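Only one chain is included here, represented as structure tokens and corresponding to the form predicted alone.
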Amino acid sequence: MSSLSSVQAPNQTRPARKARFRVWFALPSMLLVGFFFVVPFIANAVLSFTRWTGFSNTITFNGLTNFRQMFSLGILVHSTLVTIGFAVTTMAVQNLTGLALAKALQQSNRVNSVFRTVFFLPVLMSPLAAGYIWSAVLDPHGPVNSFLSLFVRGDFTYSWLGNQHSALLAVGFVDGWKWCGLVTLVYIAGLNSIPRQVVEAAIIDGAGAWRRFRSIEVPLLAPAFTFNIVVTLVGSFSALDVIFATTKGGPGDATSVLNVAVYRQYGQGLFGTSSSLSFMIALLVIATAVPLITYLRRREVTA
């Protein structure tokens, strides 16, 4: 009896040893995430409720004063609405264009491989460089207006980035163009993971290309939609570099997203209000990502 218990004892401790090994392997990542993400998030949340400026050497608790001040000045509401508009524009540009390119480049061959590389190149480019390039392209005397002048009478000199009605859409397009290649690759992977026998059965039943896309590919692309929509929408909430390279938040406050407002408050030495606006970005991400992921995951269909 004693020999049997001695044999079973090591087997009973094996799961515990595996669990300890998992913890030790995960510990470096947990420490990095805690140090670079959790601790700054908590510190920023605490500083959001303090009076902290570059004109005083003391930091005092002031409750919701920072948020009330930003709200009364119109900065909080305006920057939040601009951020949402920019994020929706960027998300739409990336996903619609990325899905269209994925369908065109789905087949693996030499020509498509070249075009996949070409469309992925902007992802490797610096956002600032992309912004500067497009600010020149969209200049009133730039290539876009020169091309449009071929179809209109006289010189077409519309200021895409200098007009309040088009500036937000323009910078949203630029940011969408910048990251469209990554979204395209995700959709290509999703399309190629659809079981071939399902598509062949639809072809035998007489389903056309549009019917197959709408009834088979779109439902089975739900995991790719979940990833791309959430990443593109939530990632756009923290945009700054492309906007600074193109409009610097202008004209006026037309493209003044929350991060631009954070930068301006920080540049004025108002660190407490800057922290409160930064905290609003975190709340906006959480309030958007959690219900969106929950909703999209419920709609996923597996073959």
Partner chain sequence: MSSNSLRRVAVVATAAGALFLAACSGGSSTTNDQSSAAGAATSEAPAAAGVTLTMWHQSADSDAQLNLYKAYEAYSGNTIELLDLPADTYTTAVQTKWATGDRPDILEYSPAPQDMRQLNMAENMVDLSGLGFVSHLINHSGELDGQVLGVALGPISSYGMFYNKTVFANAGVDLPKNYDDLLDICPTVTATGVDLINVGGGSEFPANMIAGFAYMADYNADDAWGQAVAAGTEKVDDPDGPIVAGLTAVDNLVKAGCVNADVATATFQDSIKAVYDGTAALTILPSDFISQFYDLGDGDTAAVDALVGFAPISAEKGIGSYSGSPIGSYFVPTTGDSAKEAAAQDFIEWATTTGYQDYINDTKSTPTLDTATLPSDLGELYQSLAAILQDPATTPAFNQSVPGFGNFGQLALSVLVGQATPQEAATKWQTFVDQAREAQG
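Just so we're clear, the structure is a prediction, and the values are computed from it rather than from any experiment. Numbering follows the first chain given and starts at 1.
One more form of this protein should be noted, the form predicted together with its partner chain, which is absent from this view; the next part is about it.
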Does L73 make contact with its partner chain in the model of the complex, using a 4.5 Å heavy atom cut-off? yes
Proximity of D241 to its partner chain in the model of the complex, heavy atoms at 4.5 Å: no
Looking in the model of the complex, any heavy atom of L47 within 4.5 Å of its partner chain? yes
Taking any heavy atom pair closer than or equal to 4.5 Å as contact, tell me whether I59 reaches its partner chain in the model of the complex. yes
Specify the contacting stretch among 203 to 211, 168 to 176, 153 to 161, 85 to 93, defined as having any heavy atom within 4.5 Å of its partner chain in the model of the complex. 153 to 161
Which residues from 246 to 274 come close to its partner chain in the model of the complex, meaning a heavy atom within 4.5 Å? K248, P251, G252, D253, A254, S256, Y263, R264, Q265, Y266, G267, Q268, G269, L270, F271, T273
